[in-house]
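Here's a solo chain for you in structure tokens, the form predicted alone.
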């Protein structure tokens, strides 16, 4: 084992974990890319590091500067940690419908946190637009703009995708994940398709998002709503545009939450809602493939950031999603 030169130097090279019991039940191998083991605790560490590296290389971010971003939490956490390492200030704008664990963690690690009402993207007070204005008004600031910044997508095309390919030794049949900014799914898909165009790329979308409709019908129709944080979007970002996606499905919150609790009890994996939703998608896609097929998904982050929600009985009851499955019948 080598000694990393820096904190951010430990981002990436995460393990690929076989979900042994789930794979046995399905007769297909489900592998989870353990992004919750990144130093900042989520897949967003990759995008944050790449965005800051790019800003430094372009000369847009200089000593004493400020990084500004609008985020559901994980990208902000990652940006704030890298900012601390490199001596920058960090201002994070986050909507008030995100978990208190993430908001408090941002404050703990020293970010200037601006909590704003959760409003539609078309509203000028949406967190995305507020972050852009703050960056424009702050001397020496850069706006990370994770949704439209191509450094996000490149990070996954250059690291996550090749890592999955090498860890599988080129033997995988499908890759599936949800999307928010679109950087992960697009970057990984491009990397894998370049190596083997036969690999199926799937999107699993929460209710309330328009990406499923975009892939299947070309529209931006939205159906239902979701409490799963950090994924789903009602527009097409530059990072998502052109992603080579072959298959799409919708996953309801109840099934994602059932899977989060199943994974904790049966696989020993304490994961967040987006990771659990991804596993539901992987299992359902795997069932359409021949026995023995191998499907990879992204385990985005850990469950600690959602204990007051998807692992809290009161919240689960209030949202009518208290887990009740005895096995995998929800699939």
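Being a predicted model, the structure only gives us computed values, none of them experimental. Residue numbers count along the first chain shown, from 1.
What follows is about the form predicted together with a small molecule, which we do not show.
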Just one of 300, 51, 282, 68 has a heavy atom within 4.5 Å of the small molecule in the predicted bound form. Which one?
300
Would residue 231 count as touching the small molecule in the predicted bound form under a 4.5 Å heavy atom rule?
yes
Closest heavy atom of residue 99 to the small molecule in the predicted bound form, within 4.5 Å or not?
no
The small molecule contact in the predicted bound form: residue 202, any heavy atom under 4.5 Å
no
How about residue 181: is it within 4.5 Å of the small molecule in the predicted bound form, going by heavy atoms?
yes
Options 103-111, 246-254, 89-97, 222-230; stretch whose heavy atom lies within 4.5 Å of the small molecule in the predicted bound form:
222-230
